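Shown below, as structure tokens, is a lone chain in the form predicted alone; questions about how it binds or moves come after it.
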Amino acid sequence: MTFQVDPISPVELDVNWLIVTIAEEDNFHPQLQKIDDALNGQLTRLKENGDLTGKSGSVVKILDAEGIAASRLLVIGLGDPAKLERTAFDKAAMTAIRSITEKEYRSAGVVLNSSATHDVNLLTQSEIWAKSIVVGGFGQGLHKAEKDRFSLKDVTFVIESASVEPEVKESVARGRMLGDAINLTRELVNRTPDEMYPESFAARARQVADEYENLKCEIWDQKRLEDEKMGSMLAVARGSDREPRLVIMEYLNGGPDAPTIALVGKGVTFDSGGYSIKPSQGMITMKCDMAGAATVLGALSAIAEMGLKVNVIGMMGMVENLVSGKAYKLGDVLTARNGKTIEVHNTDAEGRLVLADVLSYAADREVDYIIDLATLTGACVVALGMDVVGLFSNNDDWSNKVLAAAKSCGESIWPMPMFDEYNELLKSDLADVKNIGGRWGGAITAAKFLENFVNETAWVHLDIAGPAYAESSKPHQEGGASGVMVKTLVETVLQLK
């Protein structure tokens, strides 16, 4: 795929598809007006007839665009320009790209609008379009004989003035790198459990690290995990014939005075629920239970590709949670890496057991900040739905930084309470803590459980159980893995550099 930025007139660009935006306003922006003039007022007539509304996500296609060099024209609606935010622009851009990548086309042109549109400026637009072009042409049909999603080969970003070309090129490059990172995350999550298991994920992580000089990869095997006394994580792995792995990736490019951030990912490559076994309907998508780890790997690939001057350590705990004679059982008492004992009341609450040991290791590394990501609880989906990530934290300043990063890149996060009263629900008669807190407030008690393993380190837990995996497609989103939070992680790191 090639990207170029060109101050060419949009009516002169010879491509398979020319894409241009329209907002809900009286007048066309200058670039759209040029196109309308070349089409002898066809867009004006469509608008007068109510067929070109500019409503957010609305798509109008002109398949025989006589009067312009492009073969076809797509006009995508943005809604009210006074209220347009990055999330809505992102959805509109993804809708536009997905609407033309169901068939194979070689080339497209995207007309950038330099007019101020609330908080979506020219550079934000170009980054979002580049990311959307990369992501929107990549489907989940990895094993289909006939593809149903096709990447564009050549894309031109049309600008009004050559003076902004260097800045737009930089934004396009950033968007492309984010898109590649999101697609890496999506691919890993979409792979079948027979393809993606702890050892194969670790091998893929090493492969990614080998692409970048400043990205180092260390993999802990079963024996090393035993030596490190990761008893909580090892218990979850016992039921599988496949050994667990801890993947540690270091990108230390910020120098000794820069803060160090640990990104911790839950990597349960398949979750049967163990002896607290899931029903078939609940198990069918459980290849996605390693989305937290895949998100960390995707974010690290983008950070390394961008060459950011930051210090980041990725830690991904990889296990399978299966049923066998060796599997851990309800009533077992486990000893985590930090010495805390855990009474098992549900073997399907396994992700927190994996994270407990990895978080403990992150805290022992004396990093400045921790973010963990996990498809942790159905309770978070009940609370926030399928499109919003739950945020839990022990530090308001760190929480606010992550929330601000998510907002600035258009991803939806909502902060959840962490009151000490929830600790009462985790008390055990036999051990320091239980691994579940009962029926109520399940997402919060899961977070409170994790809090036992971070010491005093500033920590944010992101429960991505809803947004990480879409069970069906939408106009702006492919079904399957979404790659949610890759952008937020990169943006958080950027803000701290």
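Source: prediction; values computed, not measured. The first residue of the sequence shown is number 1, and the count goes up from there.
This next part talks about the form predicted together with a small molecule, which is not shown.
For the candidate spot formed by I22, H29 and D90, no residue has a non-hydrogen atom within 4.5 angstroms of the small molecule in the model of the complex. Stretch 373-381 is the contacting one of 373-381, 169-177, 134-142, 152-160, since its residues have non-hydrogen atoms within 4.5 Å of the small molecule in the model of the complex. Shown alone here, I436 lies within 4.5 Å of the small molecule in the model of the complex, counting heavy atoms only. A residue is said to contact a partner when one of its heavy atoms sits within 4.5 Å of a partner heavy atom; E350 meets this definition for the small molecule in the model of the complex. Interface membership of A447, defined by any non-hydrogen atom within 4.5 Å of the small molecule in the model of the complex, is ruled out. When the small molecule is considered in the model of the complex, N346 lines it closely, a heavy atom lying within 4.5 Å. The single contact residue among K407, R206, R242, K278, judged by any heavy atom lying within 4.5 Å of the small molecule in the model of the complex, is K278. The contact residue chosen from V323, M286, L123, L425 relative to the small molecule in the model of the complex is M286, the criterion being a non-hydrogen atom within 4.5 angstroms.
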